[in-house]
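A single chain comes next, written as structure tokens; it is the form predicted on its own.
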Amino acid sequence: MLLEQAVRVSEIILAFAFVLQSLEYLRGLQPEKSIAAIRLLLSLLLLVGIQPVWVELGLLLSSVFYLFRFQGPYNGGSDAMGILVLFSLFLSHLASTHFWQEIALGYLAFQLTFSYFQSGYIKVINVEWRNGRALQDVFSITAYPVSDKIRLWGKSTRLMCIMSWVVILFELAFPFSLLNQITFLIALVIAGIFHFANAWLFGLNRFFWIWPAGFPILFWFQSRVIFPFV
């Protein structure tokens, strides 16, 4: 995938994610409600590709407002990743040369890939993740809006242990999937299923859209950086 194509597809997915987030805030209180209305308009402009530099600058400024308002990312990792994707795309437009464009997007590709590996590493060095106890707690005593039926899954130690290791192995293996086109596509499908499962089981809807917003950049990164060396 060409760099320009990757940027445009990422912007479309990111804009759609921001539209959904803005609609959530519109049901809230002031001043978040007013900012959400502005972000909704900016996201729609980004969706159709009008003045992406100024639109992304506006979205970044509104993101900074939310950071101060909530004293950090309101939705944790998904908000942080959203800002990273947005900032990298913004820098790619500002870059004076093609080289600096690639640096900005390469940084995003690295951080996105590393986010999976880092998450897997933290789990694999934790004995409670290795024996499934941590995931058992997530299902059984979590504050997430999990249904009673799904909470019962936490009673199966074997199931929780298997699910833990599936997640751990996927996250640790994700960076290496970029070394081959087929394994990379498989990894993206698994990642999609992983984020969908988190949205379905725990209501972590924002992760489902934000991480895939960076996937087009990974397609470009693989063809530009990885393939010449394999």
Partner chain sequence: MIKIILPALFPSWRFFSGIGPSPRIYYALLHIESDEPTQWLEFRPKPKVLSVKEQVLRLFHNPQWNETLYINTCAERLFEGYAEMRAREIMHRLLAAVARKEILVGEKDNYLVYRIGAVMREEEHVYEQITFTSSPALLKGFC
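Numbering follows the first chain given and starts at 1. Bear in mind the structure is a predicted one, so any value in this text is a computation, not a measurement.
The discussion below concerns the form predicted together with its partner chain, not included here.
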Point to revise | Any non-hydrogen atom of Q101 within 4.5 angstroms of its partner chain in the predicted bound form | key: no
**Study point:** is_contact(V64, its partner chain) in the predicted bound form, heavy atom dist at most 4.5 Å
**Key:** yes
Review point. Does W211 make contact with its partner chain in the predicted bound form, using a 4.5 Å heavy atom cut-off?
Key: yes
Check your understanding: Is there a heavy atom of L29 lying 4.5 Å or less from a heavy atom of its partner chain in the predicted bound form?
Key -> yes
Point to revise | V7, W220 and V225 each touching its partner chain in the predicted bound form (heavy atom, 4.5 Å) | key: no
Revision key, fill the gap. Taking its partner chain in the predicted bound form and a 4.5 Å non-hydrogen atom cutoff, the residues of 93 to 128 making contact are Y107, Q111, F114, S115, Q118, S119, I122, K123, N126, E128
